[in-house]
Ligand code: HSE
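In structure tokens, the next block holds one chain alone, the form predicted alone.
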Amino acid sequence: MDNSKSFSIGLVGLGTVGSATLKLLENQLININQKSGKKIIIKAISAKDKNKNRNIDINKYDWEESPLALAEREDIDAIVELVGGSDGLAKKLAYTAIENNKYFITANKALIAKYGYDLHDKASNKDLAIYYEAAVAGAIPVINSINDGLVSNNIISIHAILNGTCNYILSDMTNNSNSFEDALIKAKELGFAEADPTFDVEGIDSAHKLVILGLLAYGAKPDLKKVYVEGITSIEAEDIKYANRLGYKIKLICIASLEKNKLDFRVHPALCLSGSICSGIGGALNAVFLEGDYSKKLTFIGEGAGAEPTASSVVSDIIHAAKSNKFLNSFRSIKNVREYKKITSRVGKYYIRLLVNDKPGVLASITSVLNENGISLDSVIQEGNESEENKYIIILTHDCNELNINNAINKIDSLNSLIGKSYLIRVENI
């Protein structure tokens, strides 16, 4: 490693985030150098197409056709990877950088969610570090807060809104009475959703970020297969309307906690009380609610995506790397693999939406099934839709076990009076 007063980086990837990172480094270089105590040098860059119009002059930097060549150069101290993807080039860059004694800086949530545990182990063995503040919640400094500011605490729980696409869609459905499909089209037009939004709306993007936070907070070796993940594609305008009437807003919530030495990691839509801070997180914003045993409850709210907020965190990590702030303690303490709780062990309230034939005795038959499974009712709404023959029944339960409610729902779905399948949303007290 170069221990002089300079710190040289190799930047791979010149998309929206990569270009914004380069611009930030250029525009704020004097300030960045003062904060890092080093002279930050952009030694070389690499991307798919050198001749692409990026509205930035890249000719002043060395160009490497092979990104991996950057990780092997002796005149580079750190690799900044802004390519994306959990495998392929991003993975090769990460491991090659560490093998060649380089710090590794990334905004790649998929990579860290899949290989972060192993990369941390390999980096610590070489007295190096990897940095990925930009991988979770954009400009919100939640990674460094857990690693540094809250290092004296045991993290009791994490609740978070970590996907701006989903939050924008649900906010638009709430504020403008739009359907999911119309809200998604609007999100695409405004640049809040990708052409293929599957990773966002199905909760996969949120799960990657949750696993990273869990890795830091609980020393939890990532296992995405054991994280319960449910997206927002089944939420209808009626759910937004009835949730509001019951005093709730619907959000896509990420939850991580450690209960009786078991990990409770899940991503799913949830009803949050209308007066809560969580319900007021609108548009494409992200929010993270942390609770430590001594810090108590902390709330972080801000821009969770976008080129400039993400670049802000990437450059912050470059400064930390230049100062050699390694933040490795959380990972050195990992000694065992903890079990994950199953979603069926959850206990809490539930919202149930049913569309039924409007016949005498329908509600009685439904409540009978619920009672047989030990489920009591908090609130019930019965309301017809456009067809006079059908009506919605909306049920809010008291606390009950998810296994019991699943058993009840399976039986209710088999009733002749039911039209289609029932839909269930958990209620979370955040």
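Counting begins at 1, following the sequence as shown. The structure displayed is predicted, hence computed values, not measured ones.
Heads up, the form predicted together with this ligand isn't pictured, but that's what we're talking about next.
Student: Answer with one of Glu194, Asp223, Glu291, Asp118: the residue that has a non-hydrogen atom within 4.5 Å of this ligand in the predicted complex.
Tutor: The residue from Glu194, Asp223, Glu291, Asp118 that makes the contact is Glu194.
Student: Using a 4.5 Å cut on heavy atoms, which of Arg266, Lys102, Lys251, Lys209 is close to this ligand in the predicted complex?
Tutor: The residue from Arg266, Lys102, Lys251, Lys209 that makes the contact is Lys209.
Student: Each of Lys109, Gly164 and Asp205 having a non-hydrogen atom within 4.5 Å of this ligand in the predicted complex: is that the case here?
Tutor: Verified in the predicted complex; spot residues all in contact, yes.
Student: Please tell me whether any heavy atom belonging to Asp200 falls inside 4.5 Å of a heavy atom of this ligand, as the geometry stands in the predicted complex.
Tutor: Heavy-atom contact with this ligand at 4.5 Å: present for Asp200.
Student: Can you check whether Gly304 is within 4.5 Å of this ligand in the predicted complex, heavy atom basis?
Tutor: Result yes; Gly304 sits at the interface with this ligand in the predicted complex.
Student: Heavy atoms within 4.5 Å of this ligand in the predicted complex: which of the stretches 291-299, 304-312, 147-155, 243-251 has them?
Tutor: Within 4.5 Å of the partner lies stretch 304-312.
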